[in-house]
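Here's a solo chain for you in structure tokens, the form predicted alone.
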Amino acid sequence: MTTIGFIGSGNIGTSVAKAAIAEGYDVVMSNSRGPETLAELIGELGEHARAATPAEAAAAGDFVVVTIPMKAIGDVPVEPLVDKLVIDTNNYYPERDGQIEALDQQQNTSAGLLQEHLPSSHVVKAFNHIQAPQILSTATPSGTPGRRALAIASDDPASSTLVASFLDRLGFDTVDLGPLSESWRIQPGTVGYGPELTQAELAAATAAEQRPAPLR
């Protein structure tokens, strides 16, 4: 049985956990406030879920979902995630996260910064451009006409392949943007961010996207 660790148990993390449990995964949930604060959520998720600290969730997961505010990525435990696949759902919102010069100047991407923080992990960007409830409500079986697609990006193609398979199990086609340096194509404010698009539509939208000018 594959176990997924969650660092962050907000709306996106909870929806991904529910979808994963429905597909036979076990989940280990964590947040910044302590396992005892997750009792209600664990009761809702059922017997295939348990609560832990972020470090424990990182250690327990065969792969791990990081779904916390961008400003908190420095708190993500490093050592338990060595050699592990890490799915990054984060977006950069300056009004919440404060100004981050590397992102304002287009010198990096939010997922690229997480990869820098986790140099021995395999970060894959995913789930950042879908509303949390839609992870469950818009999922459809493989081969369904008009099936929704989600974008991914990673510097490790093998990890991208694994996440594409995971997304397929959860109910989505995939558009692979390539390396993390291209993940800006699906950041907030882009055409592909938010709408329900098919694989062909999302591929076209992300390919046509123009990167905004750096802030001065």
Ligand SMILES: NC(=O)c1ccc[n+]([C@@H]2O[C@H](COP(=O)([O-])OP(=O)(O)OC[C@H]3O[C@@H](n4cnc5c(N)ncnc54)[C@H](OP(=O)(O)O)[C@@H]3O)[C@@H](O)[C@H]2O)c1
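Residue numbers run from 1 along the displayed sequence. All values derive from a computational prediction rather than experimental measurement.
Heads up, the form predicted in complex with the named molecule isn't pictured, but that's what we're talking about next.
**Q** Under a 4.5 Å heavy atom criterion, is P54 part of the interface with the named molecule in the model of the complex?
**A** Because a heavy atom of P54 falls inside 4.5 Å of the named molecule in the model of the complex, the answer is yes.
**Q** So, N90 and the named molecule: in the model of the complex, are they within 4.5 Å at any heavy atom pair?
**A** Although the named molecule is absent here, N90 would touch it in the model of the complex, with heavy atoms inside 4.5 Å.
**Q** In the model of the complex, is there a heavy atom of the named molecule that lies within 4.5 Å of any heavy atom of V163, even though the partner is absent here?
**A** Taking the distances in the model of the complex, the answer for V163 is no, it never comes within 4.5 Å of the named molecule.
**Q** Going by a heavy atom distance of 4.5 Å, is S181 a contact of the named molecule in the model of the complex?
**A** S181: no, not in contact with the named molecule in the model of the complex.
**Q** Heavy atom within 4.5 Å of the named molecule in the model of the complex: which of L177, L150, I68, V28 fits that? Just give me the one.
**A** Selected residue: I68.
**Q** Thinking of the named molecule in the model of the complex, which stretch from 29 to 37, 152 to 160, 44 to 52, 169 to 177 has heavy atoms inside 4.5 Å of it?
**A** Result for this chain: 29 to 37.
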